[in-house]
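Take a look at this single chain, the form predicted alone, given in C-alpha cells.
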C-alpha cells in the first residue's frame, strides 16, 4: 500500500502578489503527482497557525479560482526571530517546540513555507529543529539570496511605475519637485527598476548614499533648461552620505528625534529650502503589495509551486526553489538564508540608469 504524504502550506511575513498562485501551483501539482495519496493542510496566518495548530484541510477545490487573487487565502503574519538562534513570541519565549508539536500531531512529511528574506532565515531554524522544510521565495523587495527574482517583485514594479507615471502630470502642471517613496528598506531593486521604467529624474537607493548637493545641481540644471519639475524615486531605506557613517545607536536616536516621519519628507523639506521650489511627497505604501499578480508573477509563482511539489515527491528537503539564468532550480536553505541580496553598485541596471542621465545621488 502506497504511503500517504502529508504536507502543510505556510504563507509567512508581508503579503505580496502571487501567493495564491503559488499555493495553487503546489496544490495542483501535488494532486496531479500523488492523487489520493496526499493530504494538504493550510496553516492559518503564517507561523501562528503552526504554533496554535490552527489549519484547514485542503482539497482540490480549494486550489481553484485563486490564480488571479491578491493576498493569501490562508492569511499571514510576522513572527519575531533572533537571527541564527530562535523564533520567539512577544515575551521572548521560543515557539519552535509548539511548531514541532503541530508538525508531529498532523504527522507531516514536509512544511512548504512561502516567505521573504526573514522567512528564509526562520525556516532554516525550523529545519534545524528536525522538521522537513521546502521554501518558496516571495517578496516585492527581490532581496532573497540565490534566486534571480522573486514572485511579487514584477507586480510591485508595475504598480510603483504606475504611481510615478501619474505623478508626472501633476508635478509638471505645478512645477514641483515630487519625492515618491517606494518600498525597499534594505535593498533598492524595486525603486531602481520602477524609477527607470517611469522615467524618474533621480533614483535614491539604500546601497548608494546620496549627497543632497548633487540633487540640487541636477534640479537646477533641469530648471535652467526649461524643465521646471523633477521626479525623485526614493527607496524608504535611502540614506544621506552624512548619515551613512552613523552607528546603529546614533542612527536610531536621530530617527527618534527627527522632525519628519520618513527620509522622503526630510528630503523634500531640505530640497524646498535649498532650491526655492515647492516639493511634495507621495507614499503609495502597501498599495505596492496589493491587487492581483501580473501575468509574469502568475507564471513564476506557478513554476515555483510545481517545483516545490517535485521536491516533496523526491523527498528533497531543506531547499528553496529558485530561478537562475531563466531556469527553475533549487538551492540549499543554508545558502538561501546565508545573506541578503543587496543591489550591487556595479549591476548592469545601475549602469543603464547612469548612461541615460539619471542621477543616483552620488
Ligand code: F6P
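Residue numbers count along the first chain shown, from 1. Note that the structure is predicted; figures quoted are calculated from it, not measured.
Although it is not shown, the form predicted in complex with 6-O-phosphono-beta-D-fructofuranose is what the next lines describe.
- Annotated contact segment (heavy atom within 4.5 Å of 6-O-phosphono-beta-D-fructofuranose in the model of the complex): 179 to 187, selected among 179 to 187, 160 to 168, 203 to 211, 81 to 89.
- In summary, among the residues 140, 238, 232, 192, the only one with a non-hydrogen atom within 4.5 Å of 6-O-phosphono-beta-D-fructofuranose in the model of the complex is 140.
- For the options 98, 222, 289, 124, the one in contact with 6-O-phosphono-beta-D-fructofuranose in the model of the complex, meaning a heavy atom within 4.5 Å, is 289.
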